[in-house]
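A single chain comes next, written as structure tokens; it is the form predicted alone.
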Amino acid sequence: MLWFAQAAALGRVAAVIAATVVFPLLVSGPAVAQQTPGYPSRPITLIVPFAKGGPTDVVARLISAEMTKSLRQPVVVENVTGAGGTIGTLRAAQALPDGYTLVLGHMGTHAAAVALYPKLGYRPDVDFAPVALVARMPVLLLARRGFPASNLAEFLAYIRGHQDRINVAHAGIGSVSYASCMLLNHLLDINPTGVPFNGTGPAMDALVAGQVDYMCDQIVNAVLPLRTEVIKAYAIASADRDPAVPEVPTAAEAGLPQFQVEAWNAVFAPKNTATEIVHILNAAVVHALDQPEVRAPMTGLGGVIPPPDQRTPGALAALVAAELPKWRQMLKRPLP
């Protein structure tokens, strides 16, 4: 029940964000769309390949509100769930390259999924036109509030001794939560029972309700339940602590320095999208990331907004190219 109150608070935040989309023409913006006559002339769909309420969804609704203002056309978030985000991502890959269908992909859909789906229907480095990196997201190791361990060392000892009775929540094969905890499980040489959900929003609900034991999740989804103490965190898989949850030690501080994972979110268009349209969309994303209405809530939830040199289409293409071989090497054994 505690989670419902926390979720309601998050819902109110999302409602405020969404409300800004309803009246786009009443708010002045930089009119990015004027660079190319005729585009955009109708609403743009931004596919979120996960359920509402998760980290990717929250990020999408933040940037779409500001993109709506600058493009002077609604940027409408559409949640298309399933298969660790690959169903919605595939839909975007197969869409017309006219700039009216985009996807907010991430480390899972555009890197880890390639190693986990031998018959994946798209190639992240070929079938998309990179638009812009939106955010980098530290990953946390989380557990239900009543899990019998007070720190990472106790967690490791307990899970190794009871792995036949332990389960781990994730948002489907190929998701950030899946890939991150797979890395953790490889490091610990354990093989717990996996419990898939359509997104980390529903997975978090299950963790708060005590229906699953632990999960790995992006910080944006974890800050509010941690602050209300309905779950616990053992480590953050980054080099430094995050100001949003300063009490959570780094994995190195907690005794597992090899557990280093950084998730990221980025906007992609289908391949063959005109360069001019990509530039318009990139300018809209970059403008959104510089607005206090985006920066404050995103950083307040622990997200890291990339500096300008990391927001270009070329920088995003280079990131995907670097991530693909890294995750092919990391992901050698699937969760059940």
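Heads up: residue numbers just count along the shown sequence, starting at 1. Computed from a predicted model, the values in this text were never measured in an experiment.
Another form, the form predicted together with D-malate, is not on view; read the next lines as being about it.
Novice: Establish, in the predicted complex, whether Phe50, Thr56 and Val176 all lie within 4.5 Å of D-malate, using non-hydrogen atoms for the distance.
Specialist: Every residue of the candidate spot has a heavy atom within 4.5 Å of D-malate in the predicted complex.
Novice: Is Ala171 one of the residues lying within 4.5 Å of D-malate in the predicted complex, judged by heavy atom distances?
Specialist: Yes, Ala171 sits close enough to D-malate in the predicted complex that at least one of its heavy atoms falls within 4.5 Å.
Novice: Would Gly201 count as touching D-malate in the predicted complex under a 4.5 Å heavy atom rule?
Specialist: Yes.
Novice: Can you work out whether His110 and D-malate are in contact in the predicted complex, taking contact to mean some heavy atom pair no more than 4.5 Å apart?
Specialist: Residue-level check for His110: no, no contact with D-malate.
Novice: To test your reading of this chain, name the stretch in 153-161, 254-262, 193-201, 231-239 whose heavy atoms come within 4.5 Å of D-malate in the predicted complex.
Specialist: One stretch meets the cut-off, namely 193-201.
Novice: For a quick check, can you give me the residues of 76-108 that have a heavy atom within 4.5 Å of D-malate in the predicted complex?
Specialist: Residue within 4.5 Å: His106, and no other.
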